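Just one chain is shown here, as structure tokens, and it is the form predicted on its own.
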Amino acid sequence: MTELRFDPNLCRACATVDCLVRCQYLDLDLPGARIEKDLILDGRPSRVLTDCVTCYGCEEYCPHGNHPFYLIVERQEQLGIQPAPAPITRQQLIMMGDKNDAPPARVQAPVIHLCAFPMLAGGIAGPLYEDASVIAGNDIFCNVMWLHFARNSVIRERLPRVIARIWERYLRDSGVDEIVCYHDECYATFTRIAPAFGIEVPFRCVHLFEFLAGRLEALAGRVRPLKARAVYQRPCSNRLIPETDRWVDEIFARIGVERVARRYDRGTPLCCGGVLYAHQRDDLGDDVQRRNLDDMQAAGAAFCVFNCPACMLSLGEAAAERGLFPIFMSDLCREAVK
């Protein structure tokens, strides 16, 4: 069984406790945060463990890269604290389980990893994705979602199998050593979660936005500036890999889109609300979505840009009702290339 790489001494010596003080959902001052942090470190019940909305934000706020959110999930599971009702968790465990029935296949670079969303394969087309191969399905599902359900044990159990399948069924015998992760979830899983639990990844991962930025540069002569204003909905998993957010700005600059300034963006994004509803915290979900959508609408944007399918499902229709056209980043880029 893999173990979380976490230094409790580093956490106890932290002067700012930013992981808790900066949380957008918990109201904790520094003294209160220190008390709750010590309870978590000691493996004792804390209001943080029961009130956490699993937005992943504390992973981004930690100045030491010491994985405070993964520890929260660890403690929730150890103490039997379930963010979501048990029947919902059981249903998801079954629904997102792997059957190990996908046959091996030859691929060629670039290999686009769509995770558990093969229905998005139709968008892997046009000049941006010329000669690309697509891999998808539950057998190679990244499993990051179990952070929302206090189930680090599921990640430990399933993720090594997923990594082995990607390598052995698709990449190794095809002479390919990297994949393009279409979703933040997958990129964060392979580049952050796996190392945090001591799980080796034998291939290189490229974030979709890095890939798109490179393709847009290569196809610069075919790019038609969209001359539009947009808001971007940062998915929760992007809090694990905040350095990738710069590619949003680069992509928008290349396709002539303005990322309009708003309150709930960059370092202070709000959850799409989907997880809150899964946790049956409907009042909080309604409040978070309302504030987020009000903020988007006040920014005066034409597009609401997504990367996460769950965010699109949770907010897309509501954004459209507010006059913002919901669109995936990949599709927005395809619109800009002649």
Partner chain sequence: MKDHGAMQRIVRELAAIVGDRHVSDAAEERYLYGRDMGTMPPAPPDMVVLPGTTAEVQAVVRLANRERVPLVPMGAGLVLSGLTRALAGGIVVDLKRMNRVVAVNDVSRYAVVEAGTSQGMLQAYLKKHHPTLKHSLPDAPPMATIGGNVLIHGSGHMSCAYGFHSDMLNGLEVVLPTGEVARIGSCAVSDYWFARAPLPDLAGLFLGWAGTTGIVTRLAIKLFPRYPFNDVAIFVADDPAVIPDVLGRLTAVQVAEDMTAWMTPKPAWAAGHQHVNICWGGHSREELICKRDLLRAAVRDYIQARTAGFMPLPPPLKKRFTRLPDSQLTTFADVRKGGGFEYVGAIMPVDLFAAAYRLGVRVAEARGVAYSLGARIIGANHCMMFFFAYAFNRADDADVARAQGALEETNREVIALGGIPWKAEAPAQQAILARMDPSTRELMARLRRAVDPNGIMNPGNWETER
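Keep in mind that this is a model prediction, so the values were computed, not measured. Positions refer to the first chain, counted from 1.
Another form exists, predicted in complex with its partner chain; not displayed. Remarks below refer to it.
Would you kindly say which of Asp294, Asp42, Asp51, Asp282 lies with a heavy atom within 4.5 Å of its partner chain in the model of the complex?
Looking at the other structure, the residue within range turns out to be Asp282.
Considering non-hydrogen atoms and a 4.5 Å limit, which listed residue (Cys205, Val134, Ala194, Ala84) is close to its partner chain in the model of the complex?
The residue from Cys205, Val134, Ala194, Ala84 that makes the contact is Ala84.
Tell me which of 85 to 93, 246 to 254, 179 to 187, 209 to 217 has residues with heavy atoms within 4.5 angstroms of its partner chain in the model of the complex?
Result of the contact check: 85 to 93.
Looking at its partner chain in the model of the complex, do all three of Tyr277, Leu313 and Glu321 come within 4.5 Å of it through at least one heavy atom?
Heavy-atom distance to its partner chain in the model of the complex: all three under 4.5 Å.
Spell out, yes or no, whether the shortest heavy atom distance between Asp286 and its partner chain in the model of the complex is within 4.5 Å.
Output for Asp286 is yes: heavy atoms within 4.5 Å of its partner chain.
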